[in-house]
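Before any questions on binding or motion, here is one chain by itself as structure tokens, the form predicted alone.
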């Protein structure tokens, strides 16, 4: 983590040692993080339940956290597993058919934007595209992106900066500024 303090890891270690105040604070902060995490991945009606499921899983699995390792990748793994569980349960739930006369919005703009973004991201170096995808599109923290890519936190930041600068130059029509 580039020497950055792992505050959530310290709080979890204190909680494992029986410090109730640290555990309450940790769960409060994790609730906020999990709400943002699931709000980007699930329909709004399912976010609160997913947050509760994740908090329960964190509580039940807190003994598996190793204080010698970074906390955020452990947290991200728990959140991701609960997200996958939620997606699986959604696929098993019966849904009602929509009426044939329901108004449907035009999605052309979103489809075109996604296609253009995919094309632009393909022009970047792979490390830049991956850093931008993780941090800017998927909402990872710099620390989580660093753990996921094996890049240092500083390198993740540099790749994001250079990649966004290159994308801006392409959009402005100047090609590559690097």
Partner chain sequence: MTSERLVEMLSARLTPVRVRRLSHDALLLAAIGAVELLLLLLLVGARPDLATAITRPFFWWKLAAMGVPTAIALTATLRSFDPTRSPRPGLRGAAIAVAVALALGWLLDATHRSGTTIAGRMQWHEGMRCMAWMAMLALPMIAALGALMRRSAPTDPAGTARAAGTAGAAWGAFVFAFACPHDDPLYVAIWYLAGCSLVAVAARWLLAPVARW
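Whichever C-alpha set is largest while still superposing within 1.5 Å between the two forms counts as the rigid core. Numbering follows the first chain given and starts at 1. Computed from a predicted model, the values in this text were never measured in an experiment.
The form predicted in complex with its partner chain is left out here; the points below concern that form.
Visitor: Using a 4.5 angstroms cut-off on non-hydrogen atoms, would residue 31 count as touching its partner chain in the predicted bound form?
Guide: Output for residue 31 is yes: heavy atoms within 4.5 Å of its partner chain.
Visitor: Would residue 63 show up as a contact with its partner chain in the predicted bound form if we use heavy atoms at 4.5 Å?
Guide: Residue 63: contacts its partner chain in the predicted bound form.
Visitor: Going by a heavy atom distance of 4.5 Å, is residue 27 a contact of its partner chain in the predicted bound form?
Guide: Yes.
Visitor: Please tell me whether any heavy atom belonging to residue 122 falls inside 4.5 Å of a heavy atom of its partner chain, as the geometry stands in the predicted bound form.
Guide: Output for residue 122 is no: heavy atoms all beyond 4.5 Å of its partner chain.
Visitor: Spot the stretch among 55-63, 124-132, 141-149, 37-45 with residues whose non-hydrogen atoms come within 4.5 Å of its partner chain in the predicted bound form.
Guide: In short, 55-63.
Visitor: Is it true that 118, 155 and 159 each have at least one non-hydrogen atom within 4.5 Å of its partner chain in the predicted bound form?
Guide: Looking in the predicted bound form, the three residues 118, 155 and 159 all stay beyond 4.5 Å of its partner chain (heavy atoms).
Visitor: Which residues in 61-90 have a heavy atom within 4.5 Å of its partner chain in the predicted bound form?
Guide: Heavy-atom contacts within 4.5 Å come from 61, 62, 63, 64, 65, 66, 67, 69, 73, 74, 77, 78, 81, 82, 85.
Visitor: Could you tell me whether the Cα atom of residue 165 shifts by at least 2 Å between the shown form and the other one after core superposition?
Guide: After core superposition, the C-alpha of residue 165 moves 2 Å or more between the shown form and the other one.
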